[in-house]
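Have a look below at one chain only, the form predicted alone, in structure tokens format.
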Amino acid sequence: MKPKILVALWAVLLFLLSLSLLLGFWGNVVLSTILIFVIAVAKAFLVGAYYMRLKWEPWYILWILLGGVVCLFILYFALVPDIIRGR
């Protein structure tokens, strides 16, 4: 990939970071939290697709990655009730 594209992506990521930091000062807490998470997902997608080069990998690499994320969610929802109850 050309360095100009990587620098442009870095600028976009920096802009999204600045936007999410500015949303922290916004008065609407619920909406700003939702927007910050949406921006975080967009940043993770950009980093995974371009800097980790997942965009050009075969399709089964994406399925392996998604399987890991699904296992993470299963583990999270299995453990959080026990953690909240203090067991």
Partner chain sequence: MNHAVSHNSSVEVPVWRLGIWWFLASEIVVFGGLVVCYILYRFNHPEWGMEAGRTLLWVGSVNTVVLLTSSLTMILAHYSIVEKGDLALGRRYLGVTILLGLLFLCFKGYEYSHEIHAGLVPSRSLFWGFYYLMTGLHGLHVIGGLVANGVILGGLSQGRTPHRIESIGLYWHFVDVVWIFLFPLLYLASQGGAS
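Positions refer to the first chain, counted from 1. Please read these numbers as outputs of a predicted model, since none were measured by experiment.
Omitted from view is the form predicted together with its partner chain, to which the following refers.
Colleague: Hey, in the predicted complex, does Leu31 get a heavy atom within 4.5 angstroms of its partner chain?
Modeller: Output for Leu31 is no: heavy atoms all beyond 4.5 Å of its partner chain.
Colleague: What residues, if any, in 1-23 have a non-hydrogen atom within 4.5 angstroms of its partner chain in the predicted complex?
Modeller: Stretch hits, in order: Met1, Lys2, Pro3, Leu6, Val7, Trp10, Leu13, Leu14, Leu17, Ser20, Leu21.
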